[in-house]
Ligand code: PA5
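The chain below stands alone and is given as structure tokens, in the form predicted on its own.
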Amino acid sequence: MSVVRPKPPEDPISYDAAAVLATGGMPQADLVGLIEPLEAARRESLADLERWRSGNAGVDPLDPAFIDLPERLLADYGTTRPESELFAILRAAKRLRETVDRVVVLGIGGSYMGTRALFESCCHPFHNELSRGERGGRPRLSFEGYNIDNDSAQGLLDLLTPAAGRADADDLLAQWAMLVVSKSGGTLETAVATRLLLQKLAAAVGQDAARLAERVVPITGASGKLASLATTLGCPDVFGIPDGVGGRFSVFTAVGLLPASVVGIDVVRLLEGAAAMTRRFREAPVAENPVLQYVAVCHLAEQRMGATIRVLSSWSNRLEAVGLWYDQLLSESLGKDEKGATPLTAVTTRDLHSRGQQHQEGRRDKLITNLCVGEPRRDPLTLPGLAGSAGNEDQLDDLIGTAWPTMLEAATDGTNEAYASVGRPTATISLPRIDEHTVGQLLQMLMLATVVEGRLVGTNPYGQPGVEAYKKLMMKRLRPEG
């Protein structure tokens, strides 16, 4: 007898800025007046993709290939599956799952932050603390190469050192691999961590060159320092970062998809969610388009209300890393020419006890965008009776049986009401739930919105001149005679 599995839900995420309009600081007429400029910015963003494809990109940096990347990956997977990029990613992930119990991702900025966002949003909140059986045979995931922190690196080395008496070659739980992510291979933080862990990994495999090569998976450009290292080592799996995709837009390349697949995230559903958002962006009119509405409200809040700080307020712990990824995306894309809003990630209700006062009664320079989740992934907890006491010392007996989501909803509504009472602008991005499809939609929405806003205000959202300056000056100090 066959078992019919229900099709996973594909509900769209939504954006609501009614509370911003209710403050009176942004008239509806302003939004209407922005329709034509938004449509022009959308056309220009899509035209960037065609210009790049035709080779007429010009002298300015241009990395728009992320826009239709999810659709292209899915199309190739559906038509030429064994030869497709996605098939190769899934095959490499399967090999790693079967041979190691920890994968270390080495990268900085967009080379690791997107992966972290996927890992924390789509996996068990305590994935690395579970036994291998409880993880479904999937490896643990660790991160390095995003900073130069001596004690953090030493701590990771402690984890990678087999316990005394453990036979490394025969114990799956002692095996580990490294994914090295760098388009150029020249980023110092990642490069020095790669050297450090290569030494450790070579010792762990008994200096066996073939085993070492199998445990190192580079994700890099077609040429460069890391590509050369991959050739020298003879790594059997090497993945490219496609031309036209910048680091902070690379979450739907092997950069994010390979480690996500290793830990059991359904990357096909992730790409389907991203592709669905791209279709909405292309086809929906401005008034029904979450990307364009988000850009409009953020832009007008900055122009009309002085909201130069954008707070992405996540009402789920699991979405904090999404906020941190978005902080980098927005800052590096639009923070140029003495322009660009400052992004800030908050997790509520946690940060209401540290920043809530400032957001409600501090300077009027903030737009708060709530990131709300409709339903939990697990069965709702309910408040039990007070164990060990027949009394009501904490005065909560009247709430016995109240569900955790109900309490969170009350906190959300109460916070928004408090902000509204003093005219603080708040908008809401609503996710029906946290799963691969909705996370795919969310990440693609934020990337598209960043590019559209850049075109709207006349800032090239691609390239990173400020970051390149710090790299050069750092190396000048390390190599003063160079």
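These numbers were taken from a predicted model, which means no experiment stands behind them. We number the residues from 1 along the sequence you see.
What comes next is about the form predicted in complex with this ligand, which is not displayed.
Undergrad: Among 381 to 389, 298 to 306, 88 to 96, 105 to 113, which stretch has residues with heavy atoms no more than 4.5 Å from this ligand in the model of the complex?
TA: Of the stretches listed, the one contacting the partner is 105 to 113.
Undergrad: Would residue 182 count as touching this ligand in the model of the complex under a 4.5 Å heavy atom rule?
TA: Because a heavy atom of residue 182 falls inside 4.5 Å of this ligand in the model of the complex, the answer is yes.
Undergrad: Do residue 332 and this ligand share at least one heavy atom pair within 4.5 Å in the model of the complex?
TA: Residue 332: contacts this ligand in the model of the complex.
Undergrad: Are any of the heavy atoms in residue 261 no more than 4.5 Å from a heavy atom of this ligand in the model of the complex?
TA: No.
Undergrad: Contact with this ligand in the model of the complex for residue 247, defined as at least one heavy atom pair within 4.5 Å: yes or no?
TA: Answer yes; at least one heavy atom of residue 247 falls within 4.5 Å of this ligand in the model of the complex.
Undergrad: Report the residue, out of 187, 253, 121, 194, that has at least one non-hydrogen atom within 4.5 angstroms of this ligand in the model of the complex.
TA: The option sitting close enough to the partner is 187.
Undergrad: Among 412, 328, 128, 84, which has any heavy atom within 4.5 Å of this ligand in the model of the complex?
TA: Going through each option in turn, the one that passes is 328.
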